[in-house]
Structure formats: structure tokens, C-alpha cells
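Presented as C-alpha cells, the chain that follows is alone, the form predicted alone.
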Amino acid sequence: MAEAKPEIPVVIVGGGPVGLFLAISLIKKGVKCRVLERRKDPVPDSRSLGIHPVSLELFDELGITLPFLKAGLKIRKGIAFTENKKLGEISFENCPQPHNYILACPQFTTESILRKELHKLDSDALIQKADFQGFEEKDQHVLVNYHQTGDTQQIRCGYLVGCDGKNSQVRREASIHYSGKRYPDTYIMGDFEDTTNFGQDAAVFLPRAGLIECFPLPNGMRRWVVKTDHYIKEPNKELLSSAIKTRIGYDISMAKNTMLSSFGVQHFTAEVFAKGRILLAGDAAHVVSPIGGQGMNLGWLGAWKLSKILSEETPSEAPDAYSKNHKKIVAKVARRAEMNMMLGRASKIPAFKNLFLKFLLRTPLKKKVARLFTMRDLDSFGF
């Protein structure tokens, strides 16, 4: 007896930035889908904030860029310093227009916008308070089980996509190996009222004691990131502001603070991003260092490629091609993130590192650096 046809072509587990973007991309290409999300509301804090030009161009194709431009802040230049001397700067002004900048947009704003855009397309697409319970894969479809308000529900779909983070239950249920390593690097970060004179420029400091970054945010705020010697379980405002004052002389102790967190760094990649009718995207497929701010954008690039594949009439072999192609991109971004971390580590003799950075930032090579920071070097992968 023939198997029953899928009710929904695609079910996505995880309604974060990548899962929501994938759903919008699919619906815009004529593919009906459902997103299972545990949370009722978007994340409550700023988390990932940099939206790169390659992602904004995908937003253009989907017709969803305008609300991001209204809510975000355009960063057009980054300046590098030692403790007290300027090493150089890179400008994104000469990068391809119209998006010759990096857009700073807190993750709660990003998720809110994507939810609204998805709701416009299909008010039933996002299923909130849905707790994914597992799946059963058949030859022609996947049975997806979830709990919602105490009841067990089931959807029959053509493909199941895990966008449910680095601890992905979809990946575990599919028995897809997730391997990699944790780096010794640790950081604390916080969002503070902007009391600097940097305006809309980003600044990176490379003192002997380790990296300090600060990026402008909307509404007069600024994100500070500080390299630490070890993981700090309970960060506080005084610790972060003291490190900044000691290393580079900036005093933010009296500035309003809205967020504080500590984080370590890791790089993990799933063995494959496609296994039968089970697919992975975003952190469920790969995690790279957040230093450089390209992880969320990397997830969007993969989701875009996946939406193109799933909108084809016969995508049977294409998921494997997606897996192989996107793994190459992940490896490239991960190597870049490792370089960023290495440059930000504490150094007793920083002269050679400083000379290297001066060379990069004060010669024609700085155009190439700008391409790297805006992910323009990934254009050759056909996005």
C-alpha cells in the first residue's frame, strides 16, 4: 500500500533567527512549512547583533530589509588600537552598495521582526509553546511528534529541519555525530550606555592583557567584550568596567548597564548536514567562535541554500550537495574566527602582532580585510 502524502512539505524545529528566516524563505518560494518553537516570546536580550551585507542582500530578495534598517544601526568603520595608540582602521564604505556596512540589531529585535514577517505570510506557520518529542522517518515522509499545552500532536511532513541550536534534539534523534573542540579563550560582555566618542564606529583594542571590543548599538548603547584569563561564572558590572579602565583607560563604571554575560568559545560541526529526510541548519549544524560576529549570518547563508533546494520539485540528491558545500563554508569561517581569537589573546611581547596589524590596516590589503569582515569573500560559493 502506498504511503500517505505529507501534510506539510517542511517542518522546522526551532524558531530562532535561522529557523524563522528559513520559514520565510520557503514560503516566499511557494513551500508550505511549520515552525515548532518552545518559547512564546522572542529571546529577552541582545545576544547576536551583527547583520552582514551578504545577509542583507538575502533580506532584499525576500522583501524584508526595511524594518531591519529602521530598527538597526549602520556600522561603516572599525578602528584598531593598542592600549593607547591607533593602529589603523578599515572602512566598509568602499564595499559593494547598497549595503556597505554592518547592521547592528539586537537579537530580540531580529526575532521580533522575523516573527512579524512570517505571520504576514502565514499566520499558522509558527507554532509556539511546542515541545518537540521526536520523529519517525519513513520512505516518503517523516512523522513529527510534539507536545503543546499538554496534548500530543503529530505532523506528517516531507522533510524535517533541525534549527534547534547546538544541543539539537533533532540531530541527536537522527544519530548525527557532532564533533569539534572547546578553546581555552573566555570572555565577558555587557551592553552599556555609550559614553565614548566613537559614534557609530566599532573599536577593537589589543592591550597586553587581552582583547577589548566595543560596538555601537541602537538607542545610544554600546556592546563591550573583554577577554578574560578564565571563565567567570557570575560576571558583574564592576569586574567588566574595572578591566576596561585598567587596560585602556575608559571609565564606564557610571554608565547604565542592561546586560552582562560570560561565554567560552567552541567550534563544533555535524558530521553531515543532511541524512535522509532530516536536515540541519544554524547551530544545530555548526558552531563557530562568536569573535567576529559571523555565526548567525553563517546560519542564514545555509538556510538560504536549503530553501532553494527544498523548493525544487525533485530535491532527492540536492541535500547531500548542500551538506558538502556548506561544510566548506563553515570551515572557512571557523579558520577566520580562530585568527581573530589568536590576535586578541594576551601577549607579553605584542610588538610583532601590532606591526602585522599595521601592515594589514595601512596598505591596500585593508580592502581585503574589509571583505573578510563583511563576509564578501564567500560570494564565490554562489549565494
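The model shown is predicted, which means the values in this text are computed figures rather than measured ones. Numbers follow the displayed sequence, beginning with 1.
Here the subject shifts to the form predicted in complex with a small molecule, a form of this protein not shown in this document.
Among Pro216, Gly72, Gly78, Gly295, the residue placing a heavy atom within 4.5 Å of the small molecule in the predicted complex is Gly295. The partner is absent here; in the predicted complex, the one residue of Trp224, Phe132, Tyr159, Tyr101 having a heavy atom within 4.5 Å of the small molecule is Phe132. Put simply, Val330 is far from the small molecule in the predicted complex: not one heavy atom of it is within 4.5 Å. Although the partner is absent from this view, Gly210 stays clear of the small molecule in the predicted complex, with no non-hydrogen atom inside 4.5 angstroms. The closest non-hydrogen atom of Pro235 lies beyond 4.5 Å of the small molecule in the predicted complex. The small molecule in the predicted complex is not approached by Gly302, whose heavy atoms all lie more than 4.5 angstroms from it.
Contact with the small molecule in the predicted complex, defined as a heavy atom within 4.5 Å, is made by none of Lys275, Ser311 and Pro319.
Only one listed stretch (319-327, 64-72, 335-343, 49-57) carries heavy atoms within 4.5 Å of the small molecule in the predicted complex, and that stretch is 49-57.
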